[in-house]
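Single chain ahead, written as structure tokens, the form predicted alone.
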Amino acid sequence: MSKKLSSKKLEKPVKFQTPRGVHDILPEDHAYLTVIKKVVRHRARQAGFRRISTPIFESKDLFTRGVGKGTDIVEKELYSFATKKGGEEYALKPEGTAGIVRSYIQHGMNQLPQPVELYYIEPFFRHDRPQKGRYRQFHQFGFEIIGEPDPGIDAQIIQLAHLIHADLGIAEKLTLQINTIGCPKCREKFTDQLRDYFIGKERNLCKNCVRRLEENPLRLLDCKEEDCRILAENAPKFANMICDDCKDHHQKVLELLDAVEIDYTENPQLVRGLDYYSRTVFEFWDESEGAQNSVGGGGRYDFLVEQLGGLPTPACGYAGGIERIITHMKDSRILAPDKDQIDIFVAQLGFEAKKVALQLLTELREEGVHALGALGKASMKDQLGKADKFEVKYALILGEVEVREKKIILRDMSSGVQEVIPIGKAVEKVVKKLGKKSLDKYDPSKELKKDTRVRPEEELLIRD
């Protein structure tokens, strides 16, 4: 028996790691995530958008139909599974637009004042090859305007994304690439020309492009492989095939961008990797790395609502990659505001001092002070050592003697200067020293209101 016990003790503990392609968001990165969310929410509310969240997983068929059966996302990157009973097929959502359009149709949002403006900040999942800025679980914010065909909508969404980049200090690192891929009618003619051009050149194409030649020749223009790019540069130009309506729409989008002074580069090879796009497509590229490190993109999807079972409804959207934006902010040496700092450390010795310390911590926090108390049995030296490690501005120190005399020691941790003050004045003194701007106060009761409207079922009871 003893041998068995000793052998168990020798077993090495399992060292768990995050799965390949996913990562922990540590506190220092959460500071960036927080400021990005704050900027997105602020700009979205200014422009009349309302927030929406769709489920983490949806019917696999939603993405097959919406994103496109022949796309890399559906064929290679979709995390899909079947239920244990019934065998229904679901998939973790790889992007946001298809789910939002499904929600728009399901909840009858076409009855709302049009256009419907929605935004999201969500995690997404793709079985992508992990590399710089690419993860298998990643986060995006996005905007969707559903129910309006006007080119002004395209320009507004592009401007909104640009303003967010400017707010976050990375706009100068990015270039706006824009193109039109026309409507299905003019795109069909162009697709035939592309197929005729590339047939016979299969030996110079990558494996993906050989497949795309049959399924979606337009995607051949978007390939990043060098040989494919060289061929694409000499391919037929869509500008020669675009119909008058699509040409007029594109020209108006460019003129509106000029009006709001947003620089852009017309890129005839930009097509985006999702099948639902039509007319306007755009991306924000890293100025130095180009398409290899775009922070986001979007465009029109005027036929997706109808394709997913709704009425014919024009729409336009954008999605930005949060991890990539954080990387750009760090590369630009932009520091995210960190509001997680500790201002006050309450050190105590003895059980009676511990009671007072708990009361002080509660009062300090209610006043908006970030306060921490070492309530264990550590020595005073160890507690003040912890206070130094947390880089607090002040420490409140009390032991049994201070409790009896109803006094407390207030120490400035940077200078070491101390003063003895009445315990009853401690909170007031600390708040004054920190200043109102340093306080973190939030009272939800000021925002939450009682709904005093009579509900339909209550109205029936009143009548009865």
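Residue indices: 1-based, along the sequence shown. The structure displayed is predicted, hence computed values, not measured ones.
Quick note: we don't show the form predicted in complex with a small molecule, though the next part is all about it.
Between 358 to 366, 193 to 201, 134 to 142, 248 to 256, the stretch whose residues reach within 4.5 angstroms of the small molecule in the predicted complex through a non-hydrogen atom is 134 to 142. Within 4.5 Å of some heavy atom of the small molecule in the predicted complex lies at least one heavy atom of G321. In the predicted complex, the small molecule sits within 4.5 Å of a heavy atom of D128. Contact annotation: R272 falls within 4.5 Å of the small molecule in the predicted complex, judged by heavy atom distances. Proximity of T313 to the small molecule in the predicted complex falls outside the 4.5 Å heavy atom cutoff. Among V295, I100, I157, L220, the residue placing a heavy atom within 4.5 Å of the small molecule in the predicted complex is V295.
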